[in-house]
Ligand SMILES: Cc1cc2nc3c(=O)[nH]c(=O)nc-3n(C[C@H](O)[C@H](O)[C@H](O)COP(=O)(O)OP(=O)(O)OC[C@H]3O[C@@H](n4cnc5c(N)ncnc54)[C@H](O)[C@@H]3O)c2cc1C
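Just one chain follows, in the form predicted alone, and it is written as structure tokens.
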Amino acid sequence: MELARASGIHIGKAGGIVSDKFLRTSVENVFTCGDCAESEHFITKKPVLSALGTIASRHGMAAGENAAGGERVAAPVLGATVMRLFGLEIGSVGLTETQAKDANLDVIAMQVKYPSLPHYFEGGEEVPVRMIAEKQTGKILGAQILCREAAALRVNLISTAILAGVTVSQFADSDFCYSPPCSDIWAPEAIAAQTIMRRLKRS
């Protein structure tokens, strides 16, 4: 970061290098990406330092293309993450309830626990899902998931839904697959969306 400052590159409030949507810095013909670069959070529109390899690789491709004369917009940032700890996978995407409230968003958050497979089929697990949605629009803003496996797939699904502006009603009615050895009729994340949808209807 000291090299950037010494070069006259603008450093932002989050402590990283500031750039436009094409990853151009304040110095002509200099681009930025990776852990040192600030990114605009897709939901809050505020600058963040993501420090995620996924964002770094996507922004690196955009910065490289743009340095060669292209006009590729940097990928949106939601902070989709997953980790494994003591045999469990912990996934998160978008905003937590606290982060949403800190951003002055009026939200509703609900937590459910639902089996990954039908109760009569062996091998399933109870999957806790906490989902956050905007009260006024019903749009999904974030979720956190805990399970033994496939947390990344669930996070990726919700990440795509957030980027598409999907509401809890639309998500709950999505055509999810069903087969007893693979998935129940309702996915745990769909049950979370249904729960929020019912709460919104009562408010």
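Note that residue numbering begins at 1 and tracks the sequence as displayed. Please read these numbers as outputs of a predicted model, since none were measured by experiment.
Below: the form predicted together with this ligand, not depicted.
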Please determine, with the chain shown alone, which of 137-145, 32-40, 151-159, 170-178 has non-hydrogen atoms within 4.5 Å of this ligand in the predicted bound form. 32-40
Can you work out which of 27, 56, 49, 163 has a heavy atom no more than 4.5 Å from this ligand in the predicted bound form? 56
In sequence order, the residues of 176-203 that place a heavy atom within 4.5 Å of this ligand in the predicted bound form are none
